[in-house]
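Here we start with a single chain on its own, the form predicted on its own, put down as C-alpha cells.
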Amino acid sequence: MSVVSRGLQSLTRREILRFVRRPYNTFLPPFITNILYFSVFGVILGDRISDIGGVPYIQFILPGLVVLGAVSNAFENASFSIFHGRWNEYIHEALTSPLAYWEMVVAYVVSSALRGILIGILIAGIGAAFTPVRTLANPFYAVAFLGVITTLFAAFGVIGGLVAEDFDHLTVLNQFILRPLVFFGGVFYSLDALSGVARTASYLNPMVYMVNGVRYGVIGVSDIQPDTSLVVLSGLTVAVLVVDVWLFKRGYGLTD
C-alpha cells in the first residue's frame, strides 16, 4: 500500500471521526427536527390532506425530508470542515502532506457524503415509525440518487468552505439558499398542484429532480423522469468535483 493511499485513508478517517465523536451535534438536531416534521405535517395535517399519487400524504413527504436532511448535512459538514481548517490553520497539515489534490478532495467529500447518507437513513427510520414503508419501490434509484446528491452537495460544500470569509457566510449558504430551494423542490407538494409560471419555474429548481428521484426510489411516485435526472445529476457531480480539485490546485482560499 502506498504512502498516498495511507494518507487518503487517514484524512478520511479523521473527517469521519470528527462528526461521529460529536453525536449530540450530528444526530440529535435532525432527530428532533424530523420528529416535529412528521408529527405536524404527517400526522396532524396529513389526515386532512388527500392522498397524492395514490399514497398517503405522510409517505409522500418522507423522501423529501430525507433529501432535505441528507443534502443539508453533507453540505454543512464539508463547508464547515474546510472553513474551520482554514480558520485554525490546521488544513495546512493536509496541504503539506504527500496527498494529491484530488485525494484531499475525495477525503472531504466522501466523509461529508457519508454523514449525509447516515442522516438520510436516520430520517427514513423516523419516518418508518410514523408510517409503514416496508420495502423500497425501486431500491436502485433510492440508493443511486441518495449517493449522487450527497456527493454533489458535499462537493458544493467544499466550494462553500473555500469561498466563505466568516462563519456567518456558511449559515447564509445553508439556511437562506440551500434549505429554501429544498422546500420549494416539491418536498411537501406535487408539481401537479402547480400551474402556469409556478410550475414552469419549479423545473428550474434542481432540488425538484433530487426530491422526485428519491421519491421514485422509495415509494415509486415521481413528477420527473428519473433516468434523465440521474444522468444529469451524476454529470453535474463530476463537474463540481473537477472544480473542487482545480480550486485546491490553485490554493484558492487555502494560502495567504
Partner chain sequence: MPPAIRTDDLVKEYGDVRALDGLSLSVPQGSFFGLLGPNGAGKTTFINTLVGLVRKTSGTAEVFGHDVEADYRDARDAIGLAPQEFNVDRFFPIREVLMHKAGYHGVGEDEAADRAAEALETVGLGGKAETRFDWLSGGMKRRFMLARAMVTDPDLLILDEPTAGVDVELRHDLWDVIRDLNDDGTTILLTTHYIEEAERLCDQVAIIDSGRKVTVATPDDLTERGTDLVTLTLDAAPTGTPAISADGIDSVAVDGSTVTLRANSGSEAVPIAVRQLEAAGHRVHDVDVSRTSLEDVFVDITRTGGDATDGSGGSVDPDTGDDGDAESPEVTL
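Everything numeric here is computed off the predicted structure, so don't read it as measured data. Positions refer to the first chain, counted from 1.
What comes next is about the form predicted in complex with its partner chain, which does not appear here.
Among the residues 100, 136, 177, 163, the one placing a heavy atom within 4.5 Å of its partner chain in the predicted bound form is 100. Shown here without its partner, the chain carries 33, 48 and 130, none of which come within 4.5 Å of its partner chain in the predicted bound form through any heavy atom. Its partner chain is not drawn, but in the predicted bound form it has no heavy atom within 4.5 Å of residue 243. Proximity of residue 94 to its partner chain in the predicted bound form falls within the 4.5 Å heavy atom cutoff.
Contact annotation for residue 11: at least one heavy atom lies within 4.5 Å of its partner chain in the predicted bound form. Using a 4.5 Å cutoff between non-hydrogen atoms, residue 80 counts as a contact of its partner chain in the predicted bound form. The stretch that touches its partner chain in the predicted bound form, counting heavy atoms within 4.5 Å, is 100-108, out of 121-129, 100-108, 145-153, 67-75.
In sequence order, 80, 84, 88, 89, 90, 92 are the residues of 78-92 having a heavy atom within 4.5 Å of its partner chain in the predicted bound form; the partner itself is omitted from this view.
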